[in-house]
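Quick heads-up: it's one chain on its own, the form predicted alone, in structure tokens.
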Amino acid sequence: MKNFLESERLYLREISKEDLPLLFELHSDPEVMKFIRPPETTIQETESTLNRIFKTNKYEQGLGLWICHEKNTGDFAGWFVLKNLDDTDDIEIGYRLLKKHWGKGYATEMSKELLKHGFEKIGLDKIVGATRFDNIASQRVLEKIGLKYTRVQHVYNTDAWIYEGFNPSKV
């Protein structure tokens, strides 16, 4: 399978049915899911999540969820996404990483590449990030990639802090 996007230390590829165990490892970790929703406790729950991902991916438009690996080791690190924010027209950037990959700068590194993809390859005018008010680490990542806090919005069944970034070539 061809790599979709690369950064200095990571690469993204399309998600497949064979990724179910990787997704379960990530989504069943209570610490990983702390700011998102309750962890998935069965492989069947994760299979439902995977099926929803397949239905919402728009790879032909450059949007979707991609599996992330370390370049040097091939180790699964998590996933990154560029997709519609909940039921809105806004395009959201997001990520989820295994705990063992926290603190390495991976979220910022690959989010910068995905943001660049969204603006330069797709030609998006704006990309948003959503995070809970108490998820300081994600807020820092969004700020490091150039997004600015703009508002609180009810998405994904919670009140989220919304950060926005605009295409520099269209401002």
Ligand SMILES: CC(C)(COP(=O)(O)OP(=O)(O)OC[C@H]1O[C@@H](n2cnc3c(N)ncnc32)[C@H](O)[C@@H]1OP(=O)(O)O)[C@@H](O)C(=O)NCCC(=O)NCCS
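Keep in mind it's a predicted model, so treat the numbers as computed, not measured. When you see a residue number, it is the position in the sequence shown, counting from 1.
In what follows, reference is made to the form predicted together with the ligand, a form of this protein that is not presented.
Residues with any non-hydrogen atom within 4.5 angstroms of the ligand in the model of the complex fall in just one of 102-110, 119-127, 48-56, 62-70: 102-110. Put simply, residue 137 is close to the ligand in the model of the complex: some heavy atom of it is within 4.5 Å.
In the model of the complex, no heavy atom of residue 76 sits within 4.5 Å of the ligand. Interface membership of residue 28, defined by any non-hydrogen atom within 4.5 Å of the ligand in the model of the complex, is ruled out. Heavy atoms of residue 141 reach within 4.5 Å of the ligand in the model of the complex, making it an interface residue.
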